[in-house]
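What follows is a single chain, given as structure tokens, in the form predicted on its own.
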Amino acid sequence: MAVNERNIKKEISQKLKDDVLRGALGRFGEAYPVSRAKAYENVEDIEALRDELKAMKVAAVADIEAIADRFEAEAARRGAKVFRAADGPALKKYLLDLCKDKGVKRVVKSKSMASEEIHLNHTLEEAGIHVKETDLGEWIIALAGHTPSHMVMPAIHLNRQQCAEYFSKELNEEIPPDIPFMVQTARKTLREEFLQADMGISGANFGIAENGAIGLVTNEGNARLVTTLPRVHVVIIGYEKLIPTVEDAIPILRSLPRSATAQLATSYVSMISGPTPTLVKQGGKWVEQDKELHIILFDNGRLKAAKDEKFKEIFQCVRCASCLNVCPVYQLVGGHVYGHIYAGGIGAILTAFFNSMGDFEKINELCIGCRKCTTVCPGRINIPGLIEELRVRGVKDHGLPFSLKLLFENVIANRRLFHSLLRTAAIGQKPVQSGRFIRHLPLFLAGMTEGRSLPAVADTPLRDRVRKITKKLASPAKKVAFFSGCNMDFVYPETGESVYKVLQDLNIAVVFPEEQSCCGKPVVGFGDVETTKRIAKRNIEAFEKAGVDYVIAACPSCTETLHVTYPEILADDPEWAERAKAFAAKVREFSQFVCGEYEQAGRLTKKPGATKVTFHDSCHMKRVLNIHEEPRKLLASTGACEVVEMKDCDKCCGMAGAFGIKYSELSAPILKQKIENIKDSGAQVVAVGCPACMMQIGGGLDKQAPDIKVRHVADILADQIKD
């Protein structure tokens, strides 16, 4: 389908109505983390194994041309013919010429994502060649006319009844939905294909430069038949699969099956180095004949990525798909919505290089930046970071859509105008406001309040309250400035007051630089770095004037932006680089800062409490700032809380900035599961450290479990402090 013809929202809607897909992905999503953990039980140090794999791949991509040269030379020395295909058309031409030259009429294939990347089967069939996929999942989706829904389990979106229907149609007989019977039927049917094939086409999990061998890691055994029975074997292998030595295959063999299918090892591991004799039927007799081995080294954008300082990281991918298995969006819609062969966050990045930036831009917002994938990727790829970089490059190339450009450059970057509009919204929302919530919206906006309420903008923002709540301390131990962020300033000013109360109770003087504005996270999230720089400079300037020891933020996303993003985006600015570094060095996340202060003051002792409280870890707080123990210690020290854990406490709540509004149909089911987990914990209160999560979970509880309350850690701490 052409890029511009796609209607992503419509495709999402269709997938959300697919009960078979939702059921299969839901069950798999539940089972995968447990199974993966069990598979890694006998690995002494998982993180060390991840480091080893990453280091090997980083070294390989740095020397990829030399490794490719050596692989070609060693493979040729052992009798293989190596062809380097720059792109899909070059690969197809080589293969069609080879088929013509060798009289190939029938082809069997084992799993090859690279061949799917260029729709090779279609090309071969157009040339009159009979092509048969032999991997069971690939065969099923070929019968169904589908593309893979998952890199490892291509037919995960189908149930056995659907598979039986496709089998029955293909074989012209009634096939019952009995899995062992269907597997046996497939085996019998495909066995004839192997025996009659003139050519076998396989992929490869790795190619070894040291000896010119390719490695195959499989479970079904079909790859061994594809690579041994036909008289011609063609291997299609991307440059990213090349490794220097046999020893370098070890971290792949230890990581790939555990991460992909939660197995200690796959059923078959094959190494093929050079052609071997094969039996060919001639004149009714089987005779031995020399086999031909052709290896196609496939580029199609890979070498461009290898030379890119940031995107060479994609060479660390071993195609295990563990990133898909933990992605909250993939678990809802499956792989087809991503539009091409590769799904999920890593799929979006590969699509940008193997297809086009236009294809990437259609799907890039399906990455919500929860960073769960970064905790399981065996190659330690920063998938959300690379997607953000592609967004930045997209904006540099062709700018933002007009409406976003107008919003970012003229509203969010203009503090006075932005805040004036928020004050106006506090008045304008009255017709739809009910207490602190907006529970219903009219017409096409109704979906935004389905399953959740939205928070109302406060009548009086925090900045109008600070003069009243600021205490004059006689001899403060420290002086800090509070960066409130938009949510705490205009939506949750009471929580901002709690932050003041907790800090001042520690004899810390708090100031509120009034020139502060949005941190710029929503702007940089869309790739607009230049506007974010303008915002950063104004915020840095505002806080420099305050002359404080620390800058405290009670929002993890704001903390990340101030502490990490500002120094990065201003690194090349001679005037601002050092100022950004000095500012970032002072930034502290609220709960981590207070936990340290409580510990020094001897106030962190665990005390039993009566109210059951469960803590929701925000994505940025846990996986970017690495803060998760501190808020729990603080809650346990209050003497008011019994801290209980909920299932998947660190799974995204579905807000993710603008995603929660723009893709409310995806945000709602993610939120629903979070609410169910909160209810199952038996907690009366869910504590959070992030105002955006507070907004999403609070809105969900208001509609789905109004007896349970959401509170920021600062509010719970402040409750225990006497005025």
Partner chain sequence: MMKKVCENWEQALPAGTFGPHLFGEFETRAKNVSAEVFRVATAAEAQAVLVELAKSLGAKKAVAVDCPLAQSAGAYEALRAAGLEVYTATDDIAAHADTADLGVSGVEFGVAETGSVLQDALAVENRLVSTLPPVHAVFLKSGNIVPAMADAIGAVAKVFDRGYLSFITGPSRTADIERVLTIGVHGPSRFIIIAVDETAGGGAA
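Residue numbers count along the first chain shown, from 1. Keep in mind that what you see is a predicted model, and the values were worked out from it rather than measured.
Another form exists, predicted together with its partner chain; not displayed. Remarks below refer to it.
Judged by heavy atoms within 4.5 Å of its partner chain in the model of the complex, the contact stretch among the candidates 460 to 468, 405 to 413, 219 to 227, 611 to 619 is 219 to 227. Proximity to its partner chain in the model of the complex holds for all of Asn159, Leu195 and Glu247, with the criterion being a heavy atom within 4.5 Å.
The shortest heavy atom separation between Ser259 and its partner chain in the model of the complex exceeds 4.5 Å. Residue contact check for Asp489: none of its heavy atoms lie within 4.5 Å of its partner chain in the model of the complex. At the 4.5 Å threshold, heavy atoms of Glu125 stay clear of its partner chain in the model of the complex, well away from it. Not displayed here, its partner chain is kept clear of Ala204 by more than 4.5 Å at the level of heavy atoms in the model of the complex. In summary, among the residues Ala571, Leu279, Leu171, Ala86, the only one with a non-hydrogen atom within 4.5 Å of its partner chain in the model of the complex is Leu279. Checking Val510, Cys320, Cys163, Cys595 against its partner chain in the model of the complex, a heavy atom within 4.5 Å turns up for just one residue: Cys163. Heavy atoms closer than or equal to 4.5 Å to its partner chain in the model of the complex belong, across 138 to 157, to the residues Ile140, Val152, Met153, Pro154, Ala155, Ile156, ordered by sequence position.
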